[in-house]
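What follows is a single chain, given as structure tokens, in the form predicted on its own.
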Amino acid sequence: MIKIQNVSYQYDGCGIEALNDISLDINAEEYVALIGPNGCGKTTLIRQLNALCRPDRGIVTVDGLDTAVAANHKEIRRAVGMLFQNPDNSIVGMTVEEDIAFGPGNLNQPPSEIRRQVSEILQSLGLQSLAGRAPHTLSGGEKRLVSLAGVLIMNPRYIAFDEPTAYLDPTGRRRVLETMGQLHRSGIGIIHITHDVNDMAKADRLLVMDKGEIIRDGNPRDVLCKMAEDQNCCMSVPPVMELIHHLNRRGWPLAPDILSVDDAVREIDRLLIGATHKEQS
């Protein structure tokens, strides 16, 4: 479990709390989506999880290891992998193979063992054909998968994703999301910063941040429904939910937790067909 207890954090010279007295538990194997307006502290929060930032006040522990203790950082950073919004920030090798091998190489593992691990990771992500490619020649989606491979080779128990599908074409986006789903099913805990409602719907839990605080926490559909009803919400809800709530106010008995256009179409179609049959009878 990752435990965040009364954590506050302020960047040097900023004068504003990026995180303000946050308390939160994230269970192993849990899929947590994290949303909020730009500048609300989402990235700062996930950087606390693997000691890239340490609290000014409060405590963060990862499976019992305190991030404030420097001697714990090696194990914490193996336990909590991090995928940054820009994959170029985490790619360091001249080839894909070299980049993926960077982590175990720094741990002085035998070259034969590193080659075996790299080969397995490439195969598991379907990246064998990219092994000898230079990272700068890859597409955005391929770069993100290569960055993920560099994290997976360290056998993390949790992975934090900072908007991993931003600026990707539909094919790259689908590959990244499918891979994240497979990782979750394999038992890895996922923390996913996103702005996409379809991503939120896949999560076990949705956290909403605003001004450095967690303002909502719960089942994604329940949280989004409450946001749709809140006139003072810090961010807009998906347009399809706004439509459903508008129709509900006009007397349409639609389920308020509809998240996708396809579900909305099916629900409206069901009501229209039901109304037609009622008139005919």
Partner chain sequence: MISFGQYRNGNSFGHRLDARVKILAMVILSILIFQARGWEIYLLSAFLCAVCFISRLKFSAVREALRPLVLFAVLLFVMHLFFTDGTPLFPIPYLPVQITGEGLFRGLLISWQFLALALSGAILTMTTSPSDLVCGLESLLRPLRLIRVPVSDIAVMVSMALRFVPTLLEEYDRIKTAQMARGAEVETGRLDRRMKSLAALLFPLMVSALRRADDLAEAMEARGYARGPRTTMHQLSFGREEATALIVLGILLSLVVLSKY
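Computed from a predicted model, the values in this text were never measured in an experiment. Residue numbers count along the first chain shown, from 1.
Only in words, not in the display: the form predicted in complex with its partner chain, which the text now covers.
Q: Although the partner isn't part of this model, could you tell me whether residue 50 comes within 4.5 Å of its partner chain in the model of the complex, counting any heavy atom of the residue?
A: Yes, residue 50 lies within 4.5 Å of its partner chain in the model of the complex.
Q: Contact with its partner chain in the model of the complex for residue 91, defined as at least one heavy atom pair within 4.5 Å: yes or no?
A: Answer yes; at least one heavy atom of residue 91 falls within 4.5 Å of its partner chain in the model of the complex.
Q: If you check in the model of the complex, is residue 115 within 4.5 Å of its partner chain, heavy atoms only?
A: Yes, contact at 4.5 Å.
Q: Taking 4.5 angstroms as the cut-off for heavy atoms, does residue 209 touch its partner chain in the model of the complex?
A: No.
Q: Work out which of 191, 101, 180, 203 lies within 4.5 Å of its partner chain in the model of the complex, going by heavy atoms.
A: By the 4.5 Å criterion, the partner-contacting residue is 101.
Q: To verify the annotation, which of these, 125, 130, 168, 154, has a non-hydrogen atom within 4.5 Å of its partner chain in the model of the complex?
A: Flagged contact: 154.
Q: In the model of the complex, does each of 220, 248 and 251 have a heavy atom within 4.5 Å of its partner chain?
A: The answer is no; none of 220, 248 and 251 reaches its partner chain.
Q: Can you tell me which residues in 133-153 come within 4.5 angstroms of its partner chain in the model of the complex, by heavy atoms?
A: Contacting residues: 135, 136, 150.
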